[in-house]
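Take a look at this one chain, the form predicted on its own, written out in structure tokens.
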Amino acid sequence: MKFFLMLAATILGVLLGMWPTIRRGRPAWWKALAIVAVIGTIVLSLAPPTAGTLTDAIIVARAQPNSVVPVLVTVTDVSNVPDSTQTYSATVHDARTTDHVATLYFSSLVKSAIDEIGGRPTVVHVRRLDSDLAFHAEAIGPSDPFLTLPYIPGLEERARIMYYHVPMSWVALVLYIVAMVESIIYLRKRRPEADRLAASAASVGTLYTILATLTGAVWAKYNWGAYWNWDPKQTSIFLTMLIYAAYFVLRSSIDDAATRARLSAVYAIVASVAVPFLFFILPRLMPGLHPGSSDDTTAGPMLSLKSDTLNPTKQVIFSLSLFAFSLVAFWLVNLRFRLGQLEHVEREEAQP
């Protein structure tokens, strides 16, 4: 199901991105769809609170004692702890299942918030005490949330960047493939429009590669301790940027349009063969920090064959993100191509 959603979202985004033709302006409904998809991705990836289960809190506490974990629970049967006027206890269980029942302790300040909740499911930031059946409430989050994002031990809130970093890198690969296809068309039919479209796709693909690198660097800073670690994945994406930087240097260094288009097409075809190797193969052949490296026990949450490596909620949001970023990418390609067409017409008119 996970791969079906991601593949369907990508294919739909590419087909709509090129419909009815990428060489013409986008209709109003198409633009509205792209904007709605982007807004939906931003809202669903940033607005919902992160919440796990009591089991997550136990797992994290065993590795990091006194850690605080947000969990989605239902609190009932509030009572005062004997011999204490400032401490209260209550029965608490996971809101998604009643299998795990424990005791929750909290102060009088937290009690007022719990009283207002009235037994509704709520996000509580808990700390495990001396057993798996006793927790202390450190803070109260939103009650009865419409949607919660699953808690991932070790990533917590930082996991939200996944909805931006990964789709950008995947869509960049799609755009490099489009550049390769249009380059082949140019070599076969010598259509200047194909050359301009290949250059447009490569430029937007490089933009997406840069954004993927920047978002990955931010993630690395808070997970690996530094923005840049020369991890195989980081090294591969850096090499990709150098390859396509050379592509644009080549285009800018040749004045004759036909020669520029022919050499650029050959270069784009060769570069597109190297990109999948750099993106997916090389990082998995070498040990590294990135998920899916050779010394990692999994293929990473995206490419793992296990269905439970990506929560269903994350699957839907991630698929929407792929769709949204695909539409935006082809919208940018369309604008860049049409701008190139206008520049070409102006040059033609300027010639005596």
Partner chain sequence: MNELLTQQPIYVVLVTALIVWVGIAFYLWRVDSRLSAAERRRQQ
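Every value quoted in this text rests on a predicted model; they were computed, and no experiment measured them. Positions refer to the first chain, counted from 1.
The protein also exists as the form predicted together with the partner chain; that form is not presented, and the subsequent description refers to it.
For a residue to qualify, one of its non-hydrogen atoms must sit within 4.5 Å of the partner chain in the predicted complex; none of I11, L15 and M162 qualifies. Heavy atoms within 4.5 Å of the partner chain in the predicted complex map, among the stretches 279-287, 315-323, 27-35, 57-65, onto 27-35 alone. At the 4.5 Å threshold, heavy atoms of L7 stay clear of the partner chain in the predicted complex, well away from it. Annotation for 226-252: no interface residues with the partner chain in the predicted complex [heavy atom within 4.5 Å].
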